[in-house]
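A single chain comes next, written as structure tokens; it is the form predicted alone.
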Amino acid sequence: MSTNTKIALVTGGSRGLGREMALNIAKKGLNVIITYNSRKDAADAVISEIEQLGQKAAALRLNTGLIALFDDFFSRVQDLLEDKFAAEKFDYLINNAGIALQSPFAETTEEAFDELINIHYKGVYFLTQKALPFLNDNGGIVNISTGLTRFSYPGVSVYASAKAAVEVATRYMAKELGNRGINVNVVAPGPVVTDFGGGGMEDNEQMQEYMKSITAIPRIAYPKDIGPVVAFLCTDEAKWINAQRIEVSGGMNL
């Protein structure tokens, strides 16, 4: 293995979309650091899978909604880079970690609003800011958004609004970090069958049929449809893609 192997940091990489992103990034020949919030066993399983692919991998615990802990987190990242990867910095940051909130606009509480904004917008904003000294020039950032910033469904106003804020921030990051050769993009999945938010679509055949009916390619999406797109953005082939929102929804609500 080359000592010049690049390194990607994937938040929320222990399950669902994040797991698939981490594995596909490893298949591109990168080493991977993932974060997890509570499921260390799941994180360890992903690490094992990545190592079986011939890449180095490690996991760190992080709650991306607790901004006050970010300095400590990057201190741990720095130690991990030196000890595990013989590196000083990493190359790609994938802001994927998140939670779901299904709540009608009229009933959403301030507490729920604050928690979701902290994780999905404020956390992404300041985690990326704190990452900059540890991110190599000519690296990249991928922010994960949602199809719900383009089309609307009742009950997800806070989630979609936070993701829309991330999409705008992405363009500003691209503008302000371009002089370091860092490209910044958004990947916006449509509905995907995972356990995210309690796995609302996994066992709901009626919902699955509805999603198929409004999608140009009439099938349900799985994490394997999203992970390779994020992995591609972590390659030199994608270097000239910058400040873009790439929706991966099969052509939903066209």
Ligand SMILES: NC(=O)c1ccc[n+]([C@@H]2O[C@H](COP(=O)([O-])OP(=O)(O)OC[C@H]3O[C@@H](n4cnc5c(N)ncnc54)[C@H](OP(=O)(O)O)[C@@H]3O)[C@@H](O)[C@H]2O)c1
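Since this is a predicted model, take the numbers as computed values, not measurements. Note that residue numbering begins at 1 and tracks the sequence as displayed.
Heads up, the form predicted in complex with the named molecule isn't pictured, but that's what we're talking about next.
Asks: Among 164-172, 71-79, 106-114, 141-149, which stretch sits within 4.5 Å of the named molecule in the predicted bound form, heavy atoms only?
Replies: That would be stretch 141-149.
Asks: Given that the named molecule is left out here, which of V192, V186, L30, A59 has a heavy atom within 4.5 Å of it in the predicted bound form?
Replies: None of the other options qualify; the answer is V192.
Asks: I'd like to know if T64 sits close to the named molecule in the predicted bound form, meaning any non-hydrogen atom pair within 4.5 angstroms.
Replies: Judged by the heavy-atom cut-off of 4.5 Å, T64 is in contact with the named molecule in the predicted bound form.
Asks: With a 4.5 Å heavy atom cut-off, would you call S38 a contact of the named molecule in the predicted bound form?
Replies: Flag for S38 set to yes.
Asks: Contact between G123 and the named molecule in the predicted bound form at 4.5 Å, heavy atoms?
Replies: Outside the cut-off, so no.
Asks: Tell me, yes or no, whether Y159 is in contact with the named molecule in the predicted bound form, where a contact means a heavy atom of each within 4.5 Å.
Replies: Residue-level check for Y159: yes, a contact with the named molecule.
Asks: Can you tell me which residues in 6-27 come within 4.5 angstroms of the named molecule in the predicted bound form, by heavy atoms?
Replies: Result: G12, G13, S14, R15, G16, L17, G18.
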